[in-house]
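Below you'll find only one chain, the form predicted alone, shown as structure tokens.
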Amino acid sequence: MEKKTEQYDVVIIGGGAAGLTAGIYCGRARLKTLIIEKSLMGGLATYTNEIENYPGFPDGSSGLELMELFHKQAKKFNVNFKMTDVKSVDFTSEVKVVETFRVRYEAKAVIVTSGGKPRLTNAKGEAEFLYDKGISFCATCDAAANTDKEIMVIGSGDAAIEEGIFLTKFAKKVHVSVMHDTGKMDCNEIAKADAMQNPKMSFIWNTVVEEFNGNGHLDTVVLRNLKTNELIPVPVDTCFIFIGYLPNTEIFKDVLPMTKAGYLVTNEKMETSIPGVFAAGDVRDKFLKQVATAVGDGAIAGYAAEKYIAESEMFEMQILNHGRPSLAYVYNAIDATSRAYLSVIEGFEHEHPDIKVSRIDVYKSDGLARRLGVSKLPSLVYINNNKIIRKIDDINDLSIQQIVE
């Protein structure tokens, strides 16, 4: 079956908080934008019963309600949506390609916001209680809802123990299942000491989860002792699983740089190492994974994608000038020396009407400067036949007049 092809300015892979925010920014910039989401629009946040730490909602909001607002706002700016799975990508050319089962999408820029998924125990009954039915993966999100309740934490790494300590501020009791011998944990020693001294925390050593039980909502976690095989039923209201997190980056292996754990590597502008490809949200290597930080990432990525597309068009149409002579003056508007030469550049422009003159201010974005290989400001770049003929970063009045000679 031959796939049909559709063209977009921006294709966003993933419809969570980061993807929807990026879509809002791209749509508002009047870019033809598509968001592809394989499961539920809104991502993992939709499975959270209550989000109380997202600014602007003093009474809190369910994750589903919050993401529905994000979705509605993106639709307001004419963002398109496709509920399907991405099968492959090709970022080797200027036109980026994202393929699903039936369609080949071509885009000027791609934003990867595919998020991730918590590592599961794969114990019996686990799937029945995920997210809003008793199994949680976010203490920050669900701690308050467990005030004065008995809960369980699975894991002994830094995240598990530190989040467990945080949960004691709300819960009546925090049971911790640790697969190691008594006193041994995977977390740092400071967290371990704090946890061991916390009167609200109790540890069940040498155990893993055997089964999750309940009637519509989790009420018991059955642990198995690794040494004796004894089954230990523990009545709880909620179980928090902290045994790792898996980013959804399988299709980007050998395509985009990533950490050993599989998280995508970006700079502060959400740029990957491939021009025109950005990443945002939980899929990237970052310190904190929350809806608020995903929104920040998405805003930056959407803005950066819009800038990239605008700069690409300017580079192609104005700076390269269809192969005809062109002069680029690269400067910073807040630098007095750079500003001083603007009048000289204007004079050059009047004397050489056959040469297209571009003034490139790097104050807000240095994308065009990087494309021209300019690092020192101010600089002059003379281009002809789509090639850089001469570059000068030691500018004076004479050099401006002589650069095209």
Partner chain sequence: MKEYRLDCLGEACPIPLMKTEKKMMDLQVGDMLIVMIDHSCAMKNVPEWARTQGHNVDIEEVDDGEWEIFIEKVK
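Computed from a predicted model, the values in this text were never measured in an experiment. Positions refer to the first chain, counted from 1. Here, rigid core means the biggest group of C-alpha atoms that superpose within 1.5 Å across both forms.
A second form of this protein, the form predicted in complex with the partner chain, is not displayed here; the remarks below concern that form.
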Task: Stretch from 335-343, 368-376, 349-357, 38-46 whose residues place a heavy atom within 4.5 Å of the partner chain in the model of the complex - done: 38-46
Open item on the list: Please tell me which of 76, 87, 227, 184 lies within 4.5 Å of the partner chain in the model of the complex, judged by heavy atoms.
Closed with: 87
- [ ] Have a look at 133, 200, 104, 269 for me and say which one sits with a heavy atom within 4.5 Å of the partner chain in the model of the complex.
- [x] 133
Task: residue 83, heavy atom within 4.5 angstroms of the partner chain in the model of the complex - done: yes
Open item on the list: Does any part of residue 142 reach within 4.5 Å of the partner chain in the model of the complex? Heavy atoms only, please.
Closed with: yes
Open item on the list: So, residue 138 and the partner chain: in the model of the complex, are they within 4.5 Å at any heavy atom pair?
Closed with: yes
Task: Non-hydrogen atom contact residue 64 with the partner chain in the model of the complex at 4.5 angstroms - done: yes
Open item on the list: Given a superposition on the rigid core, I'd like a yes or no on whether residue 142 shifts its C-alpha by 2 Å or more between the shown form and the other one.
Closed with: yes
TODO: For residue 285, state whether the C-alpha moves by 2 Å or more between the shown form and the other one after rigid core superposition.
DONE: no
- [ ] Regarding residue 137 and residue 83, go with closer or farther for their CA spacing in the model of the complex versus this form, the difference being 3 Å or more.
- [x] closer
Task: Cα distance between residue 17 and residue 135, which in the model of the complex differs by 3 Å or more from this form, closer or farther - done: farther
